[in-house]
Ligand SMILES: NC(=O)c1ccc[n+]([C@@H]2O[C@H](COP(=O)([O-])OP(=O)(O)OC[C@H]3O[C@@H](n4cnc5c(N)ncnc54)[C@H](O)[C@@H]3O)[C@@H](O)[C@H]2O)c1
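Next up: a single chain in structure tokens, the form predicted on its own.
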């Protein structure tokens, strides 16, 4: 059987993980790479023994051997490149966010619908950790009773110093949101996946800790340490920290907070699901363990053990107990799921998928925008009916209806409360 050949667009930090995961799948192969910095792309191609290095995405898409393209470019290029990949007829596996606005991500959904033969996924890899899937199975099986609360955080320190800089800080490259869009998106996707539920209303508090940062005058890769470098001062208007209270469609209440300026926290991603029978907690930095809490008996600290996991979960784990599974294993599971979906000839919209779809990623973009809007307006925001949508609704009603209805629609809060009751 011939291997599925793929190309990678964008050769920054995250491309290394994609290359490793693709090669671990077994029936997939990295055949080509490209980057706007051709020298960087050629160096990595040589280091990783990748046979082809193209000077542009268009050249890569013209290669008839390439069946899949991984989009690892900066956020501002996701829309343009994802659209090109879909229109080329090749399958696409994109880094998050899907796009830097819901307008762009909605257009990608439409383009994908017009090209149903294309399989498209987004790299929300935390959902594919073995114990995350085990918690999902236990929630589905009723082991914790009825879920009532969910809470957690995602903390890092890679932008702690004023001299720490990355392209994500620049709104023109990373988008209007940084901390929420970058790491909060992973938290929201994972919790929605575990609970099989959607966050539908948010209330947020965001903060820019460093309103001025010192940007290196030379390019620095993500998570790299900078010393003895010349800097220029730039204004910053993307958040370093964010806290979000939320409500889910089922009635579950929750809260999470994210930070890229918390000293000592490297990749501190954790969540807890509280149910009417028990609670379950997982921390990505000790990914082989989960905690189960009870009211009337001893709590449990559980090590991942494939022999004891739910039947539907065992496909996500291959290492024997005591051989720690980690971040790269979740990444591999995500990429494997995507390629196996293609290999099996499955179709989006017809066959369910484990990996995040464009539809799910589009909703995360909408969530991010709602969180930004909440922080700006200092109010709860319903995700599908934001502040601007309500204004449009008021305008339409004002234009088309008179009399008694006008006395109802003068107050936005009335409409918002009505929408909340029927959401």
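Positions refer to the first chain, counted from 1. Everything quoted here is computed from the prediction, not taken from an experiment.
Although not depicted, the form predicted in complex with the named molecule is the subject of the following passage.
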Single option in 73, 317, 204, 88 placed near the named molecule in the model of the complex, where near means a heavy atom within 4.5 Å: 73
Heavy atom within 4.5 Å of the named molecule in the model of the complex - residue from 241, 161, 167, 289: 167
In the model of the complex, segment of 364-372, 31-39, 60-68, 350-358 with a heavy atom within 4.5 Å of the named molecule: 31-39
12, 96 and 123 each touching the named molecule in the model of the complex (heavy atom, 4.5 Å): yes
Contact flag, residue 210 vs the named molecule in the model of the complex, heavy atom cut 4.5 Å: no
Partner proximity in the model of the complex: residue 77 to the named molecule, non-hydrogen atom cutoff 4.5 Å: yes
Touches the named molecule in the model of the complex: residue 304 (any heavy atom, 4.5 Å): no
Interface membership of residue 193, the named molecule in the model of the complex, 4.5 Å heavy atom rule: no
